[in-house]
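Below: one protein chain in two forms, given as structure tokens, structure 1 then structure 2.
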Structure 1
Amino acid sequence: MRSLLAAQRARWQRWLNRRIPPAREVRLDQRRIFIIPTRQGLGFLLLIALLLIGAINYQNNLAYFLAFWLLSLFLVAILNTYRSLSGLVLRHLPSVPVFVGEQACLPLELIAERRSYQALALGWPPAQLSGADVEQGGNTRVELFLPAAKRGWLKPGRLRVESRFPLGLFVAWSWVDLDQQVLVYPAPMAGAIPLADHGAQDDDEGVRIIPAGVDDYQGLRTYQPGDNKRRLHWKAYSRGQGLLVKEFAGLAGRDVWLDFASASGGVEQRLSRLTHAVLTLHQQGHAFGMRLPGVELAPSDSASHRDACLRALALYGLPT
């Protein structure tokens, strides 16, 4: 029974993939929009039937009038509900990585070219859909949230876009695959920083955290994206000299290495401890390198290095 259901679902997914192929930008059109009456719509039909019976029994043409008017409204609602979705463009937006346990934000952009759209609802059922409006010729950034439960890529699958506007009698919807995904880093777990055992050559220094690259002030240079923000020369910035970064020279051979092997606990625990270590060291402005089985990241103190480390931790051991 279950396998039958699964097969059914797989077939449905295949059909959807053919009909609405995954794309970073999707325009909703008649191939992609489905429409059926809602429960309220059926209730409305019941109301019309009651009115019609009244009209027939009382031979009252005005009652006929209203019954037919509502019936026409019902028919017109099909077109209008379809219209309240058709032509809408949905576009993928890059997401910001989160840590396990946080709410992952999956942003996307709604673009209204020819008309405005009201009361759109987007989301991944069974989670509650969130609403959005888009003005004509405008675009709206919509942020959808999902709980991040596991590290790695969070791929929520096909997104449901629906509209019951204007009358709520019909629901028009589509399932679009915008290739949305968000990187989930392991949850940081506080603890001792798992440093690599450097062996004899570093004996004289001992295995301590060395404030590498912070002792020798070298001068200033202009800021580049990726520089550690803690080294910004704010005084100069306030004097209007632009964004400058204080440059320090680290001493060679004193790099800190984080090592998977020296962390304690199971795989996930180790990754969590390393995550915490990466965050702590970066915050303190240390340059550090990281070694995971099969991965080695050369020491650096830049934000992009931190991100690369976290990424490696998030994706460690997962099929790509």
Structure 2
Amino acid sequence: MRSLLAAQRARWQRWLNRRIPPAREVRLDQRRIFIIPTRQGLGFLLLIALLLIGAINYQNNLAYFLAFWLLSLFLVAILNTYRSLSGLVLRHLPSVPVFVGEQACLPLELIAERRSYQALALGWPPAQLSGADVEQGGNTRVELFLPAAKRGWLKPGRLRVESRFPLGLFVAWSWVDLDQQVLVYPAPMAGAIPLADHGAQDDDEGVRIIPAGVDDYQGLRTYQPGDNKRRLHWKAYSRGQGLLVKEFAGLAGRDVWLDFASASGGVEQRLSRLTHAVLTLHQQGHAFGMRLPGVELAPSDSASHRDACLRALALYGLPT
């Protein structure tokens, strides 16, 4: 039975890929919109049937009128529910990387060119769908969230877009693939900085790595122009002691390297410790390089270097 259901789902996905191919911008039209009665719609249709049976049985003209008036309302609701999605444009927007355990934000833009759209619902079932409205000639940014459970690329798959407007008798929906994805970094794990060479002289110039690491607080000194403002001791300033800067034991010299082989624990723990080290060193303004099996990133203190390191950690060992 499970294999049969899996085969049916695979067949359904192939059919969807042909009918609604992946694209970063999708306009909903008759090929992309499906519509069926809701439970309320089926109950409404049953009510019409009972009224019609009563009208025939008692030859009551008023019952005939009410039954056919409700039937015409039911039929008109089909067109209006279809129009509540027809012509809507959905556009992919860039996402921001997150860490494991956080909520990943997958933004998109809804564009209404010809008419306004009310009571739209978007999301990935079985999670609750998010509501949205779009004014005629305008656009709306919608932010959808999913939990980031593991590192790598989070690809939510096809997005469900639906509307039950105006009467709730029908639901019109579509499954669109906007090629959405968000990069998930390993969750930072505090601990010793996994340096490539602990406490040894690097070269003849006296480059030295202090084993205590950059997390060890040493004391305060007077602020000098050019100091990292993130190290300012604001509590001392509020007490009238002037601008003081926190000092940490850290790295002396150049060519500081983070090394996967020096980290402790399993693969995921090592990646988490390296993630914490990358964030800590960048925050404190240290230039550093990073070595992973098969990957080496030259030392730098730029934000782009930090992002490259985090990306390498997120994708390490995963299929490309």
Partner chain sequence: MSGPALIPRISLTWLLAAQALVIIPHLLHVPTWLIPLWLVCGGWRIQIFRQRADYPRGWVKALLLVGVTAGVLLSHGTVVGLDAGVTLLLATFVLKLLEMKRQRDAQVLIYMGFFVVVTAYLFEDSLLSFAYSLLPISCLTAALIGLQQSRFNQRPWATWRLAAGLLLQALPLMLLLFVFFPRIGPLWSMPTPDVARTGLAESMSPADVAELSRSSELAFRATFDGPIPAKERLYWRALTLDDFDGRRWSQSSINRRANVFEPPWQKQGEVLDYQILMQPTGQPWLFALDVAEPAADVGRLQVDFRVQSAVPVEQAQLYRLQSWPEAVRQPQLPDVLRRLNLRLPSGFDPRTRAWAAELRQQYPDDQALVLALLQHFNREPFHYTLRPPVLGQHSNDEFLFATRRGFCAHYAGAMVVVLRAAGIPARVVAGYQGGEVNQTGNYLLVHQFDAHAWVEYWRPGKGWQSVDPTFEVAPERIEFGLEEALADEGSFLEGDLLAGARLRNIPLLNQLRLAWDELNYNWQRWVLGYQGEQQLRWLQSWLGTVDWQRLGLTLVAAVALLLMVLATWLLKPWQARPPAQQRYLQQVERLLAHLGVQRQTGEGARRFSQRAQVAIPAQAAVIKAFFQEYERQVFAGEQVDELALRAACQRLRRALPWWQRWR
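Here, rigid core means the biggest group of C-alpha atoms that superpose within 1.5 Å across both forms. Throughout, residue numbering runs from 1 along the sequence of structure 1. None of the values given here were measured: they were computed from a predicted structure.
Trainee: Does the form predicted alone correspond to structure 1 or to structure 2?
Mentor: Structure 2, not 1.
Trainee: Examine residue 295 after superposing the rigid core and state whether its CA is displaced by 2 Å or more between structures 1 and 2.
Mentor: No, because once the rigid core is superposed, the C-alpha of residue 295 moves less than 2 Å between structures 1 and 2.
Trainee: Once everything's superposed on the core, is residue 264 shifted 2 Å or more at the Cα between structures 1 and 2?
Mentor: Shift of 2 Å or more: no.
Trainee: In Å, how large is the CA movement of residue 63 between structures 1 and 2 relative to the superposed rigid core?
Mentor: After core superposition, the C-alpha of residue 63 moves 4.1 Å between structures 1 and 2.
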